[in-house]
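Read the single chain below, which is given as structure tokens and is the form predicted on its own.
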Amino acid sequence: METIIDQYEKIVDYEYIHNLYEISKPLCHKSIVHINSTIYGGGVAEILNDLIIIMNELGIKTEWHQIKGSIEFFQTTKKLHNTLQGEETELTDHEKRVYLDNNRKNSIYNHVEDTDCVIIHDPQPLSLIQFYEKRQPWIWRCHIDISNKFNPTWKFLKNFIHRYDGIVVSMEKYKQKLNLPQYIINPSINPFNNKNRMLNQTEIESLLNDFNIPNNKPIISQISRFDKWKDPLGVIRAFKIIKKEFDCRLVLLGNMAQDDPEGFEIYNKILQYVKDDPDINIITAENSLLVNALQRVSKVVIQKSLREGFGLTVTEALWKGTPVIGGDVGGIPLQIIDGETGYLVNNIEECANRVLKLLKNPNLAEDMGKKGKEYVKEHFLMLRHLEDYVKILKKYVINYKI
């Protein structure tokens, strides 16, 4: 049976794959556990779904655990997430107790005592570390843009962060003043899974029909969780400007992540704002093939985020040869070369103008799309991501001393 790593032989040099196996040998039969808060919805789950498989293909015994939580817990962790991205709202003492008590319970469900390394993703399970007798290295993988964090929240979380052996962030500006080693790993995509594999025209048309998306005029789209930081209302406002000059359709495709209780509220706001506009399709679905088809059929993909740790949907769209208009925030500028693979924008008017430019200049859009695909191939595929992890894990797992 063909493995994911076998599939990469179609697009990368054999020498690169051989080297990856070689550098991974010291980790063979070592056990790693990743812990996050959801099995679907959002880039973290998307990455882990494939990363875990490839790590095991290399011989690294890797598991993926999810913490459980009450509605109140996830309301609290969403607040944590928002304040780490700059929202100035303090956690109450009650919310702190909810957060700690829930992670205490999860420490009972999650047995990590015999593993060689624990990797915790984002703030939801961060405090787990204080409920174990630490016998191995613990690494905190923060996927959030914490460059503009709210200090009271950070002060609270530092009670747990200082217990870790290292921190991984997505870019240089996210590093913090801490007495801990800090590393950079850019997120990545698996080009062979359902979200990114090649689709033929029949498959694309069938998926659009299944979700009642007319293809009778050019489509622009934004694909992301229903989250205020993704600025879906701003995208709709930009679309209304675009429509005055160019007849097209907007599709907003999103999902409700398990750990994001604000999703339904944002979704309902969007529906109320759009009302019955026949040229705007709002779809809530967890369907990787639909994402794939929509990114391929769109003339332009938008990711007009106000805050963004990385924004993996940008890389996904670029891989399909589709130019992307993205907010000039967080990790998006790592992916979009402004004026070459898409455009970076700072407001609604800029967004509308850049979309119009690409809609009116299809040759420019096609050229940008080709450059975008090559850029992803060089920088944002999962084998590179895996290599980054292997290099870090070797520093911690081999000859670790408590």
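Don't overthink the numbering: it's just position in the shown sequence, from 1. No experiment lies behind these values; they were computed from the predicted model shown.
What comes next is about the form predicted together with uridine-5'-diphosphate (UDP), which is not displayed.
None of 169-177, 306-314, 240-248, 153-161 except one has non-hydrogen atoms within 4.5 angstroms of uridine-5'-diphosphate (UDP) in the predicted bound form; the exception is 306-314. The closest heavy atom approach of G254 to uridine-5'-diphosphate (UDP) in the predicted bound form falls within 4.5 Å. Interface membership of H121, defined by any non-hydrogen atom within 4.5 Å of uridine-5'-diphosphate (UDP) in the predicted bound form, is ruled out. Within this chain, R141 is remote from the site of uridine-5'-diphosphate (UDP) in the predicted bound form, having no heavy atom within 4.5 Å.
Contact check for R225: a non-hydrogen atom falls within 4.5 Å of uridine-5'-diphosphate (UDP) in the predicted bound form. Of the listed positions (L84, V235, I220, V291), a single one reaches within 4.5 angstroms of uridine-5'-diphosphate (UDP) by any non-hydrogen atom in the predicted bound form, namely V291. Scanning I184, A285, L271, M198 against uridine-5'-diphosphate (UDP) in the predicted bound form with a 4.5 Å heavy atom cut-off leaves one residue, A285. Along 328-348, no residue reaches a heavy atom to within 4.5 Å of uridine-5'-diphosphate (UDP) in the predicted bound form.
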